[in-house]
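Two forms, one chain: they're shown below as C-alpha cells, one block per form, named structure 1 and structure 2.
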Structure 1
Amino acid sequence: MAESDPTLGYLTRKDTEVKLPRPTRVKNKTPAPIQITAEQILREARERQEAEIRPPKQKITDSTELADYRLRKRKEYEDLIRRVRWNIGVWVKYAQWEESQKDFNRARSVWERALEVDYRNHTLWLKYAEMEMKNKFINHARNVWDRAVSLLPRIDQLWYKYIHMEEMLGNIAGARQIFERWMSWTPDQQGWLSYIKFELRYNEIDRARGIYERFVLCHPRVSAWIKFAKFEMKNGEVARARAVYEQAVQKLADDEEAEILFVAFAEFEERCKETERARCIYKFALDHIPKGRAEDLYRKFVAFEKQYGDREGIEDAIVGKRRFQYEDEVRKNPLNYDSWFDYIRLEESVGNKARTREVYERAIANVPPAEEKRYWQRYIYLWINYALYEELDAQDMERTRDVYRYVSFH
C-alpha cells in the first residue's frame, strides 16, 4: 500500500497526480488535397454565430408608463453620475436625453451641474448653448454665451459662435459690441482680421480702417502693416497706402522681417509707376539691412534694374550683388585673403575711393594667427597693394607714406 502524505489527508500521491493526455503523433504530414484558408474559417464562424439578443422594443401607451420609464432612466443616469462624476460624456448624454424628453428645465439643471464639475471645459459651454439655440431660446443662449466668454475669454471658438449667432439674428450692433469686448483681450491676428471682415461685409470702410489702426498697434509685425497697406490699396487710397508703408518703415526698419516690408513697399511703388521711388527704397533697404538677411532683396533689386534701369543702374545692381557675395565669404572666413583681394578688385573697378580704402582697412585688420611664412605671405601682399593703390590710383602721396611707415614699424 502506498504511503499517504500527511499534507494530503487520506489521499496518496498517485491519487493526486494529474495525468495529461499523450500527444497524438501525426503520421501523414503531406498536405491535404483541399486547403482551408483563414478567411473561410472566419466566414464559417460568423455564419454559425448566434444572433445578438436585443431587448424588445418598449411601446409606451399611457402617461403612467412614460413616468415610470423616465423615472427609471433618470435613476440610471444619476447612479452613473455618482460613480463617474468626472466623466463629462455621461453628463452630456444625460442632458441631451432630458432635452429629447422636452423637459428643458431639467436639461438646463443637468448642464449647470456639469459646469460645476468642470467649467473650464469649453465643449460643455458649446453644447449647452447649441441646445438653447436649437430650441429657439435666444435669451437663454445669450446668457450662456455671455457667461462662457466671461469665464473663458481665451477660447476663440466661444467668441466666434457668439458673434455668429448675433449676426444670424440680424443684431449687427450686438455682434459689434461682442467684437469690441473680444478685442479688449488683445486676441491673435485672426481675431482682429475677423472683426475687419465683419465690418467689410456691411461696407463699413471707415470702421475697418479704424480697426486696422488698432490692429497694427496691438500686433506691430510686418505682416500686419502689409495687410493694412493692401487694404488701402484695394480701396483705391494710394496716398493712404503709401503713408501706411512709410509709418511701418519708421517703426520696423530694424526688425528681422524688415526685408519683406521693403520689398512690399518697393513693389507697391512699382505698381504705382513710381520707379524712382522704388529704386530709392531698394537702395535705402540695401544700406540698412544686414548683408546676411538681404539675399532676396538683392535678387529683387537686380530684377527691378533689368526691367526699368539703364546700363549704369544694371551694372550697379550687379556690383551690389557681387559685393554681397564677397561680404558673405569674408564674414565666414576673415582670414581668406583671396576673397579680400577679389573684393578689393571689385571696389577698385567701381572707382569709389572711400569704399576701396574701407575694404583695405578691414582686410589688413585680420592679422594672421601664427608667425609662419605661409600665413604672412598673402597678408604682406595686401599692404603692398594698398600702398600701390594710394600711390598710383588715388595719387595720395601722404597716405602712401603712412602705409609704408606703418608696415616698417610693425
Structure 2
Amino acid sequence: MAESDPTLGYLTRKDTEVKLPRPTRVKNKTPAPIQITAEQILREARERQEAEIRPPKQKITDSTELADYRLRKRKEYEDLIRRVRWNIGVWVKYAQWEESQKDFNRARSVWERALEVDYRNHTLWLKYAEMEMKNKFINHARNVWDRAVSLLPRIDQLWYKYIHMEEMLGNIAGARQIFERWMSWTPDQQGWLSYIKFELRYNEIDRARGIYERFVLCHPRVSAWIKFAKFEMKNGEVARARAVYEQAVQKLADDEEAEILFVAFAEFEERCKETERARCIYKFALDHIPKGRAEDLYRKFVAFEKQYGDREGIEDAIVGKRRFQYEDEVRKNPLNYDSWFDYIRLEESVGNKARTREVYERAIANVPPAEEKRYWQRYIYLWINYALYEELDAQDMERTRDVYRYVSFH
C-alpha cells in the first residue's frame, strides 16, 4: 500500500495529510481596541529589515589564495549555468569574469559554450568579439566576426561593427570586401548609404557612383533616386544629375510617390536656372498625377510661377488650382448651386469664353429634382446669369436670344 503512490516516496498518505484546525465560530465581533493600518505594517516590516549578510571582504595575498578564489568562483558560475542554461546573462557574466582574470582560453571556451546554447543571440556575438578586440587579439576577433556575419547576415549591427574594426585598423581593402559581401545580401537603405559614405571618406567618387547605381536598382524608390541625383549635384556634375532625374522619371512616373520626385526635379532645374524646363516638368507632373495627390505640387508650382513666371503664367497657375478645387466641389455636390456660381464667377474672371460657356451648360444641366419653388429659385438665377453674360460680356445677341427662348420653353 505504501508504494502505491510513487510521488510520496517512503511517506504514507496519513503522514502527508494537512491537518487544519477546526474552524471555530467568532464570538466577539467588536473591533479590537488597537487598530493597525496596512502602511504601519509595511513601515515596520521595512524598518525591521536586517542588513543583508555579506561575506567579509578578504584580501588575496598569495597565489594559493588566488587559486582558491578562482576555483570557488568557477564552481559558483558553473553551478549557475547548470541551473539556468538559457539565461544568457549568467553566461556573459561568467565569460567576462574569466576575461577579468586574464585567462583568455577559458574565457573563449565559455563564450563558445554560450554560443552553443544560443547562437542566434546577437549580443553574445557582439560581446565575444568585443572581448577579443579589447585585448588586442585581432585575428581571433576577425574569426569571431566572420562567423557572426555568416550565421546572422540580417543583423546590421554585426556588419557595422566588423567593418568599423577593419577600418580602424587601416585595412581598407578588407573593409571594402566586407561591404561587398554585405551588399550581396541586399540590405536596406542604410547599409547602402553607409557603403557610399565609406567610399566618399576616401574620395573615391567613381566607386561611389557605381554603388549608387546598384543602390537604385536594389531599392527602386523615389528617395533613392533623389539621393543619387543630390550626390551628383554635390559633386557639381549637373549633366549627370539631370540624366539621373530623367531616368528616374522614366522608371517611376507611375509610382505613388512620384510627385516628390517631380518636385525635386523641378527644384533642381530651378537651381540650374532652367526655368523653361522647370515649367515643363511642373506641367507634365500635373498632367500625370491624379488630382487628389497634387496638392503639394500645386503649391510649389504656384510659388515657382510667382518667382519666375510672367503675369499670365501666374494667373494660369492660380486659376488652374482653383479650378481643380471647384471641380472637386461640383462633382461632390452637383446640386449645390452656390459652388456652381463661384465656379462660374472664376471662369468669367479669366475671360475664357469657351470654358465659361461650357461651365454654364454643365450648370444648367443640373435640373433641380423636385418641382418646388426653392430649388428652382436658384436654378433660375443660373439661367438669368447665363443670359446676362452672353448679352454683356460676350456681346453675342444671337446666343442671348437662344438662351431666353430656351428658358421660356421650360
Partner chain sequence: MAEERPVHPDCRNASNPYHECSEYCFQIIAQAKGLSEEKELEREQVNACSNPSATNTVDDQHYEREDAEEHSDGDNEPPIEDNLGVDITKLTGRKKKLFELRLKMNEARKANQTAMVAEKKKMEAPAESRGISKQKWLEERKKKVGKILDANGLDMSKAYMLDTQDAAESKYKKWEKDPAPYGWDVFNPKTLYNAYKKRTKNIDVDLDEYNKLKEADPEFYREASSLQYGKAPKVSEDRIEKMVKELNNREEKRKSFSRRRKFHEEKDIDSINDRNEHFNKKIERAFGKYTLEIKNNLERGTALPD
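For residue numbers, the reference is structure 1: its sequence is counted from 1. Rigid core here is just the name for the largest C-alpha set that superposes within 1.5 Å across the two forms. Values in this document were obtained by computation on a predicted structure and should not be read as measured data.
Only structure 1 of the pair represents the form predicted on its own. A C-alpha shift of 2.3 Å is found for residue 55 between structures 1 and 2, based on superposition of the rigid core. The shift recorded for the CA atom of residue 45 between structures 1 and 2 is 10.2 Å, with superposition on the rigid core.
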